[in-house]
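Next up: just one chain, as structure tokens, the form predicted on its own.
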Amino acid sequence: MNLLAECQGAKRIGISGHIRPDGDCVGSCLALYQYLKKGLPEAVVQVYLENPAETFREIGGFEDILAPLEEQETFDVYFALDCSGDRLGGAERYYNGAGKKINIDHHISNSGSGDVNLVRPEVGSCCEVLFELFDKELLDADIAKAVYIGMIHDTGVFQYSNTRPETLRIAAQLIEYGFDFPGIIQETFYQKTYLQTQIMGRVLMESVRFLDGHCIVGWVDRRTMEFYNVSSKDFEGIVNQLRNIEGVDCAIFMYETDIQEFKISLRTSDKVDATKVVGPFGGGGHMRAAGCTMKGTFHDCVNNLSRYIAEQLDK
């Protein structure tokens, strides 16, 4: 795919990623935003994301991100990145009304929602997919930094199984642009606020192991969220910490989004395919990291997920 050719002649170009955007989502949207502004200077390029975390403020273009609140003039081209078009939240109407829809992703559960689709589940991050599409003559330190941030967040700083040899070769090319990559890893991946550390500590303390200790679940209800004055942006890293516990093959983190409605995140070992656990409930993602939204009580949700986890562990 030639990104600039796909946008040739476009006067208005929109870019969005999924709701509750993570590092790869924010990084890919802002990397493409900066790339298109350089490659197509006469076009109006806009990024719409819902509540990106302040952690990513140092990425170039962060302050230009718009919330998808108002009606907009029709876009000539609209990109859905790191997800399918039905996960864009309030920006979905912009995407569906565009003259050309382009969907770029790496999630195996995405069958493609655009007029032009590129979904590569063998690649560790959407940023990595984009990097291979970029004309390297247009790259600069700001674009490289955005791509690098997305890659480290979706590969767990290159420790997850979705890290390919090519991933590390791309990372080597990116850091040659001279940005402070050790600082970026510390500040955007490992560093937590005191409040984030408090809520993580509470979840870990109240977590429960089951299925002979192979599975663990931690959760936060709305009352607790209100008590600590936290939102979904403060839960980054909790499910990974649960997965790091010795003997755990499947970690579940849940937080309440409405009355008897939970957002579910899974991280698994090679014994459990996370997509097979969340798939029956309309979720998706990767084999080792996936999520969904479920309705019911906390115990209902855990019991329903347990069936699909146990089936795989028994094998």
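When you see a residue number, it is the position in the sequence shown, counting from 1. Keep in mind that what you see is a predicted model, and the values were worked out from it rather than measured.
The discussion below concerns the form predicted together with adenosine monophosphate (AMP), not included here.
Adenosine monophosphate (AMP) is not drawn, but in the predicted bound form it has a heavy atom within 4.5 Å of C292. Looking at K38, you'd find every heavy atom of it more than 4.5 angstroms from adenosine monophosphate (AMP) in the predicted bound form.
Contact annotation for G285: at least one heavy atom lies within 4.5 Å of adenosine monophosphate (AMP) in the predicted bound form. Remark: R243 does not count among the residues lining adenosine monophosphate (AMP) in the predicted bound form, judged by a heavy atom distance of 4.5 Å or less. Just one listed stretch, out of 63-71, 26-34, 48-56, 260-268, contacts adenosine monophosphate (AMP) in the predicted bound form at the 4.5 Å heavy atom level, and that stretch is 260-268. Contacts to adenosine monophosphate (AMP) in the predicted bound form (heavy atom within 4.5 Å) from stretch 9-24: H18 only.
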